[in-house]
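One chain comes next, on its own, written as structure tokens: the form predicted alone.
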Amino acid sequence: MPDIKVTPLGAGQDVGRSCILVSIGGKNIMLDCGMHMGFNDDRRFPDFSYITQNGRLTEFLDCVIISHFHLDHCGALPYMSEMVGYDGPIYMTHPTKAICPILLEDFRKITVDKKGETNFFTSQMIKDCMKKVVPLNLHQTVQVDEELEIKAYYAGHVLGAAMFQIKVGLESVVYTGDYNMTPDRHLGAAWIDKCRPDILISESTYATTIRDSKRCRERDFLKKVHETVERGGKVLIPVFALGRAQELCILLETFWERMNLKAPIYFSTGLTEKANHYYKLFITWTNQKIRKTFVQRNMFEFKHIKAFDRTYADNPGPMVVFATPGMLHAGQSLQIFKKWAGNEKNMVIMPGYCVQGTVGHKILNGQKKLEIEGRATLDVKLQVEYMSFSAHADAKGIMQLIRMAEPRNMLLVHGEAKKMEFLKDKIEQEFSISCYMPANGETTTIVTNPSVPVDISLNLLKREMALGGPLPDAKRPRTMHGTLIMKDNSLRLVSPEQALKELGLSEHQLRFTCRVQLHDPHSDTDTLGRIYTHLKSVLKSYSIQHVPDGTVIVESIVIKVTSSAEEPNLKVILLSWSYQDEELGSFLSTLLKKGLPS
């Protein structure tokens, strides 16, 4: 039986370094190639030695697919393609292709230029890696080779994020990447058609969460920011450059305008200009409201939000600063946090998920003393708030996607083991499908049972109807007899006569013969008469004829009797039948071997 194998090299019962290997129909596909925010050693990247111990990855992989530009999904790409070695195609959407190299370069600068790490990819490697990228549009079916095809669907989450359907023949897998089932201020909701894949591989970051109303969360966020600014405090909002950042900027911009507030709002320099440039460029990927109002007013040109300079962090008085990265594991957000952590007037609002090992994760778990970069201890006195503006699907959203796609099996990645376990049980209970949650390096094998579509000729259907069979019903399988013709990768079931005509063949009759020896003192004619009488009493529903030429005919079966010259009492009964009556022929030969009733 054909099967599909799925092995996470990263994001198996974990959040970070998403990298999933899929083997389907003899093809090998790598889904995402991310890095882990919580590690600074070898564990930062997926373990590619699982694919091959030595040599390049090109001959082992048919293609690589990147779902979106977040570093936990694309951060290991230059390392994989340029340092380990991969020359095949890398598929991603146009916005991902535009933004990915900017974030990779930013990540490289922090790691190499600021922290001084050596075994790391270079700027040139990022450029060489991006040359291998094949950009694609939503709903465009791309033929990777003769058998393998892929198609992208809108995933919400961040600009350019996509879910991918991978198809080889009749087998298919859908990989969600990160997705959001609820629209927000700047992006639409994820959508996929009823494609009924063999496996749906879904993220499960918020596997046990059902988020409260978005409006309440936004009100709460604005209230906390406003109160802190009013008492003269500073608010730090660690964000990733694209995604939640734009969402919260639009929220604060409209609030500042409405309340006529004067406290300055800043955004980490460099990335915001580039980010907003790409939002304008890929306006079609945003939601309907932004697309509609775009002509009169660009939502991404902010009046109240200015570029941040590092010297501003020491300025007296209230301010709000959006700084990257979002988990406080490095960069400008961490620098500002160190300066402001000692003052209880200040506040840090964590708007998204924080991976274990990051400063963000530690302070959210209530840690008041931090050892930063192995040096001095930092006292955390400022207020710490967590407000999920994360653009991931919650438990309700994941269930909604399953209803949309109707998969035959479910596989969870990009989540914590305990939470996954809970969701796994819920999915199996509600949808009666198998759900898997492999750990990193663990392979899940799912046996597929592909249905093969066959066209049936009208003549054959008419003949079946004439025989008085039930009307065709999609829900009731039935057996049909005919000749199967395969032509140009399609299958047709036709009547034998039509098949012979189409293929220019002449018909041959195939008959089986069998001899049965019988001791009977009567003449040959009397023995045949006795056989006729015996069969009439046994086979009541069959048509049985005693023909004057000295034969008995049952359906297509012909029966003759001859006797031996040496032994007149030893009769030889000859049976002959066509292959259609093979079962009846076998039954009659067995019956006659038992002898005739006296």
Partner chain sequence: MKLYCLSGHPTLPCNVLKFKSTTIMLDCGLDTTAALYFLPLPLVHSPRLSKLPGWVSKDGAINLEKELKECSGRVFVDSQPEFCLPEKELLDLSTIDVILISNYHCMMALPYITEHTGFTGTVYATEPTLQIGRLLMEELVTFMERVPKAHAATCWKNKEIQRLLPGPLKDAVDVWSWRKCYSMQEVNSALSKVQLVGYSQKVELFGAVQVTPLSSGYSLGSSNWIIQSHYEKVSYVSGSSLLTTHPQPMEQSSLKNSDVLILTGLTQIPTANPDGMLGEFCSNLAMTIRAGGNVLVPCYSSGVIYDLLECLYQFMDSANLGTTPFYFISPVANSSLEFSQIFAEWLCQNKQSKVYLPEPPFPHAELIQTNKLKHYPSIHGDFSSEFRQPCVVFTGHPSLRFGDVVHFMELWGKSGLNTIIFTEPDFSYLDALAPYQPLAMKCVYCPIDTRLNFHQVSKLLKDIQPLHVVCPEPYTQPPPAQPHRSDLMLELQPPPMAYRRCSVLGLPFRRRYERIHLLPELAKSLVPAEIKPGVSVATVSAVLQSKDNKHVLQPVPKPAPVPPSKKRKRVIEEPPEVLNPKPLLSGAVPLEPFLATLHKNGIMEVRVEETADGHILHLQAEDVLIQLEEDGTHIICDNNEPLRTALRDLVLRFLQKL
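Residue numbers count along the first chain shown, from 1. The term rigid core refers to the maximal set of C-alpha atoms that superpose within 1.5 Å between the two forms. What you are looking at is a predicted structure, and each value in this text was computed from that prediction instead of being measured.
FYI, the form predicted in complex with the partner chain isn't displayed, but the following is about it.
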{"query": "Stretch in contact, per heavy atom within 4.5 angstroms of the partner chain in the predicted bound form, of 424-432, 253-261, 447-455, 315-323", "finding": "447-455"}
{"query": "Among the candidates Ile349, Ala98, Leu159, Val174, the residue which, in the predicted bound form, approaches the partner chain to within 4.5 Å (heavy atoms)", "finding": "Ala98"}
{"query": "One residue of His522, His304, Arg408, Lys280 in contact with the partner chain, assessed in the predicted bound form (non-hydrogen atom, 4.5 angstroms)", "finding": "Lys280"}
{"query": "In the predicted bound form, His481 touching the partner chain (heavy atom, 4.5 Å)", "finding": "yes"}
{"query": "The partner chain contact at Thr118 in the predicted bound form, heavy atom, 4.5 Å", "finding": "no"}
{"query": "Exercise: Ile402 in contact with the partner chain in the predicted bound form, heavy atom 4.5 Å", "finding": "no"}
{"query": "Partner proximity in the predicted bound form: Pro496 to the partner chain, non-hydrogen atom cutoff 4.5 Å", "finding": "yes"}
{"query": "Heavy atom contacts to the partner chain in the predicted bound form at 4.5 Å, residues of 542-560 in sequence order", "finding": "Tyr542, Glu555"}
{"query": "Per-residue C-alpha change between the shown form and the other one, Glu555, threshold 2 Å, rigid core fit", "finding": "yes"}
{"query": "Rigid core fit then Asp488 CA moved by 2 Å or more between the shown form and the other one", "finding": "yes"}
{"query": "Flag for Lys571, CA shift 2 Å or larger between the shown form and the other one after aligning core", "finding": "yes"}
